[in-house]
Ligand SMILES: Cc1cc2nc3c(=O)[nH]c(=O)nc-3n(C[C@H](O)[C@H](O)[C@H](O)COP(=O)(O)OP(=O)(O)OC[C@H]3O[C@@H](n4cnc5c(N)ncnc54)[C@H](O)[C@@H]3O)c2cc1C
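Shown here is one chain on its own, the form predicted alone, set out as C-alpha cells.
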Amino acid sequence: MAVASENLPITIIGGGLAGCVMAWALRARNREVVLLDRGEEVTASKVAAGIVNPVTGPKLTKTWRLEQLWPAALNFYDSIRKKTGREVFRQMPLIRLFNSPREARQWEKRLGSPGYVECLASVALDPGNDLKAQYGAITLENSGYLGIPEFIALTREMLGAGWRSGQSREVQEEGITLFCEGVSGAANPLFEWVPFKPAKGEILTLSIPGLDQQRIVNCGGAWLLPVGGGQFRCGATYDWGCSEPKPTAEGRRVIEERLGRFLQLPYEVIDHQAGIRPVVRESRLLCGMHPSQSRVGFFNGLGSKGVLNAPFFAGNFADYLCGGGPIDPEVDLCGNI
C-alpha cells in the first residue's frame, strides 16, 4: 500500500469509542492525528456501559477470539493508565445466574468444549441473599468495564488542539482520512455498500439502597453494573433496525421485568438513556481501506463488544497503515462484504 510508507497525517472522523481507540493506537506509533467530532450529546458510545463479558447469550457462548482479544485490551487500557495516571478500565468479576434448569444444563455441556473452563474464576462468588439464584451460578474472569465517557474525555485531552469539532465528512486532500462514525456511518455515501444493521439499546441507572455488589451480575438477558455511590446501571434492550435514540416506556418495562427475575431488593430509576449501536455483522467490527480510494479508511461496526474488540484491531489496522503487515482477514473491510 503506497500510503503506508509516506508517514502522512491521519484525520479521524468520529470521536466515539472507535475513533478514540484508533487515535491512541496511531499516536502510539508516532503518527500525526487530527480527530474531527460532531459533538453530539447522545451517541451509543456515551450511553453504553462498556462491559466486557467472556460468555454471553442464552446459549452461553464464549466470546470470539477471547484468548487473543482480552490480553490485548488489558495491555491497551493499562498503557493509557501508565501514560495518564488515570484508570478508565476496571477489571471486575462477573457472576452469571442461570435463568432456568436448561441454562444450567447448557453450561455443563459447554464445560466439555475447549476454552470454557478457563473462563471460570478460581474462586466462585456467593450470589448472596439479595439475588435469586435457584438454578445455580458461575463466576467468570476476563470481565470488567470501560468508563467510555471518561475515556473519550481523556482522548480529547491527549489530542489537545488535534481534537476539533465539526460536521464535515470531507476527505482530506493530504494524508489519510479514517471514518469512525458509529451508526452515522450508515449514511456515509462512501460506504453505502456496507450492510449496517443498527440496534437500539436502552439502559437504566438505578439507586439500590442496601445492595453491596462489587461485581457485574448477568441473568436472563439483563445485567447489573455497580458504578459507585449506591448506583447501578442496568440493561440492555436490543431493538434491531430502530434509528431513533429515544428512551421508551416499553424499553424500561422490558429491562425492569428482566431485573425482577433476579433482584430481590427495591430500587429507584434515576435515569433512562438510549443509543443506537453500529452493528455490521455478528458484533464484529470491520476495518480497511476503500476499494477505489486508497487514502480513505473505515473502522466501524463495534456493536456491543467494542471495548474488547477495538484495541487489538485498532493496533492491527494502525500497523497496516504504518507498513507493518496485513489487516486481519476476519475483519478486513473488502474481504468480508
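Everything quoted here is computed from the prediction, not taken from an experiment. Throughout, we count residues from 1 along the sequence that is shown.
Another form, the form predicted in complex with the named molecule, is not on view; read the next lines as being about it.
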| item | value |
| --- | --- |
| In the predicted complex, the one of V55, C287, A49, L26 near the named molecule [non-hydrogen atom within 4.5 angstroms] | A49 |
| The named molecule contact at V307 in the predicted complex, heavy atom, 4.5 Å | yes |
| In the predicted complex, G166 touching the named molecule (heavy atom, 4.5 Å) | yes |
| is_contact(G297, the named molecule) in the predicted complex, heavy atom dist at most 4.5 Å | no |
| Residue contact check: R38 to the named molecule in the predicted complex, 4.5 Å heavy atom | yes |
| Among 41 to 49, 61 to 69, 26 to 34, 287 to 295, the region lying within 4.5 Å of the named molecule in the predicted complex by heavy atom distance | 41 to 49 |
| Members of 193 to 218 lying within 4.5 angstroms of the named molecule, judged by heavy atom, in the predicted complex | G201, E202, I203 |
